[in-house]
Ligand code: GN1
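Consider the single chain below, provided in structure tokens and representing the form predicted alone.
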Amino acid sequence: MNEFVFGNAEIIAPGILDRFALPAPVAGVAPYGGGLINATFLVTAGDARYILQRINGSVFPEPERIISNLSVLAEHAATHAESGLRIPTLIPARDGLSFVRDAGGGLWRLMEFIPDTRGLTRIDDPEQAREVGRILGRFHVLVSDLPVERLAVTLPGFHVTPNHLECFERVLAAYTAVRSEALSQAIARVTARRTRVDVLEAARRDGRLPIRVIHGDPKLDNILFDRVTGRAVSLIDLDTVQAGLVHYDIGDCLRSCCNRRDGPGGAGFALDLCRAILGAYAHETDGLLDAAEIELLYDAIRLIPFELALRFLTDHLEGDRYFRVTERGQNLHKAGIQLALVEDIETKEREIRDIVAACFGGGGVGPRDRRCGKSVDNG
């Protein structure tokens, strides 16, 4: 097969697709999605479509662990068909492995493209928000009896916010270029919040928060919806499935789904969507979380966008080596949006805590308000 070269300089090495056990000849290949880490392509072969990815070895130091975790998760999901959750199937290589390596050592995988589904760029109505809560809840229930030790750690320290703060401060100390006004403002906003980054990790160390299997990156981009029914049917981008705190998933999901981008700085946390997502999640999980986990949900909702801001800002200071950008300054701009979202969340702390209490029963005590997921006003 010829080498595929695209306008954005993405390249598929010669012979990569030939090494996968496809049932029909390849008819087309095109870059796909807006992922910031892996190189992703949509492959058409016969009547079927597939997702081809080169896993970013600079981000994932042992990408074989990702493949192993996907196999464990798929095997586990097969024993829980009642979950209704679709896990993309890995297409084996002709040598029997679940991946191939190119001449430079890069690891490639091929997965089924789940048909008759679509992704959303934003949530337009409360029912879509409830579907988000339902599928995240179904995922957490699905993996609740999957022993965490069966999964390898694919990204060490992921979502450990104090580690990201330490990295940011180390990089900042070595930064010698002139600071723009936007950069100086972002640094000041981070500095003002540095003492509050350890809230989840301290609770984990104290034994107040249990370690669970989590998705790691359940943003809206990684949820697929049935084109006909509108139901959420799959969580994709499973590279960060590993042991962690459920708060990472809930915080990241709400960060992604509840930002209306209509407030100062391009961010505004939508309380109606938060209520719909958490209400559906609480109904789906039905007591999975304990009182200590529920008590710290607001802290997760505030902390995860702050962590992402740290990561964007650190990458900007390092010259955009982690997140893919098309022009200088994009990571700084994205950091500013996340910091604005944190600030809006902080102004709505009381309302968010009230939503958590209504959805989960006042911190785990007494029956929750079953209307939580149905209410969509801005109250």
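What you see is a predicted model; the values in this text were computed from it and never measured. So that there is no doubt, residue numbering starts at 1 and follows the sequence shown.
This next part talks about the form predicted together with the ligand, which is not shown.
Heavy atoms of residue 59 reach within 4.5 Å of the ligand in the predicted complex, making it an interface residue. Contact check for residue 35: a non-hydrogen atom falls within 4.5 Å of the ligand in the predicted complex. The ligand in the predicted complex is not approached by residue 333, whose heavy atoms all lie more than 4.5 angstroms from it.
Mapping the unseen interface onto this chain, residue 65 falls outside it, with no heavy atom inside 4.5 Å of the ligand in the predicted complex. Residues within 4.5 angstroms of the ligand in the predicted complex, judged by any non-hydrogen atom, belong to 235 to 243 and to none of the other stretches in 111 to 119, 124 to 132, 235 to 243, 186 to 194. Heavy atoms of no residue among 138, 293 and 296 are located within 4.5 Å of the ligand in the predicted complex.
Taking 283, 86, 219, 150 one by one, only a single residue has any non-hydrogen atom within 4.5 Å of the ligand in the predicted complex, and it is 219. Of the residues in 290 to 329, those that come within 4.5 Å of the ligand in the predicted complex through at least one heavy atom are, in sequence order, 308, 311, 312, 322, 323.
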